[in-house]
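We begin with a single chain expressed as C-alpha cells, specifically the form predicted on its own.
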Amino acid sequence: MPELPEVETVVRDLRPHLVGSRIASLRVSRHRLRQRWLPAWNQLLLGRQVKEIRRRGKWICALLDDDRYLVFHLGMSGQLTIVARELPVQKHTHVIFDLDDGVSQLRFRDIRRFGLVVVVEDQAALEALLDPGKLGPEPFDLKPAYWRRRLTATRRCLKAALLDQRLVAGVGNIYADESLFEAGLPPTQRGSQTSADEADRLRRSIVRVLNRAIARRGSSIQSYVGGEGLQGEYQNEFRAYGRTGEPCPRCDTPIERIRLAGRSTHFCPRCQKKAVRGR
C-alpha cells in the first residue's frame, strides 16, 4: 500500500499540472471502487478549477473553486497520474479527468479497486471524512509530550502502534520497520515499556526516514508510481524491510522476519537490542 512518502510524491508531482487547471470533462468506468461514484458528481465537477492540492495522511485532497473537495485514496494499488491525452488508456483505469489545456488528463487507475475517488461538499465534510478520531497528527507535527503519552499508554507492540493511523497518520508497514531500525528499537517492545528517551528517539527516526524516502520519491515495490508516472527509488536503500536473511548494514547480523500486528516485520536481532519473540 502506498504510504506517506509515496502519496506526498504524487501530490508534489501533480501540483504544478493541476493547480489553476479546470476539469473540462470526465469519464467513470462501470467498476465500483471502495465507494460508489455518484452520477450527480459529474455535473458538479464540470468546469471547476483546482485551487490547491495537498496530502493528509494517505489521502489526497484537491480543493476546487466552489469550495468542494475532490478526494482520492490510493488503497492498495491505486495510481493517480497526469498523462498526455493521446496515450492509450491502461486496463483498470476507473476515472479520467480531461483538463482544459486540451492535452492532459488526470487518470485514476486501480487494479485491486480498494482505492476511492469521492467529492465532498466543503471543509466540514472533509473533516468528517478524515475524522480526527481516526486520523492522528502528521509525523512531522508530532509533539514530544503527545507522542510519549500516547505511546506509553498502549500495551501493544511498537510495530502495531506505528501502524495505528489514530496515533500517527501516514506510516505503514515499510516505514514502521525502517523507523524502528533507525531508532534501534525492537518491533515487539510494548509501548508501555518504552522510556521517554526511546519514544523521542523513535519520533525523530520516523521523521528522518520519511524525509529520506520523500527525497527518493518513495518506494516502488509493486505497482506504485508517482504523479508523473515515475517509479520511486527508496526501495534501493531499505535497511530492514524486505531484507530477510541479508546482512544488517550496521553489524552484518542477518535480518530476521516475524509476523506482528498481522504484517511481516523485519528487524536486526542484534542492533534492535531487546530480545524479539514472535507471537
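Quick note: we count residues from 1 along the sequence shown, nothing fancier. What you see is a predicted model; the values in this text were computed from it and never measured.
Not on display, but discussed next: the form predicted together with the DNA.
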Q. Are all three residues His92, Arg155 and Arg257 in contact with the DNA in the model of the complex, where contact means a non-hydrogen atom within 4.5 Å?
A. yes
Within 4.5 Å of the DNA in the model of the complex by heavy atoms, the stretch out of 37 to 45, 247 to 255, 63 to 71, 215 to 223 is 215 to 223
Report whether the minimum heavy atom distance between Arg85 and the DNA in the model of the complex is within 4.5 Å.
no
- Close approach of Gln165 to the DNA in the model of the complex, 4.5 Å, heavy atom: yes
Note to self: in the model of the complex, does Ile174 come within 4.5 Å of the DNA, counting heavy atoms only?
What the structure shows: yes
Report task. Indicate whether Val207 is a 4.5 Å heavy atom neighbour of the DNA in the model of the complex. Result -> no
Students should find that, of His17, Arg12, Arg22, Arg263, the residue having a non-hydrogen atom no more than 4.5 angstroms from the DNA in the model of the complex is Arg263
Heavy atom within 4.5 Å of the DNA in the model of the complex, from candidates Ile111, Val119, Ala125, Ile96, belongs to Ile111
In sequence order, the residues of 46 to 72 that place a heavy atom within 4.5 Å of the DNA in the model of the complex are Lys58
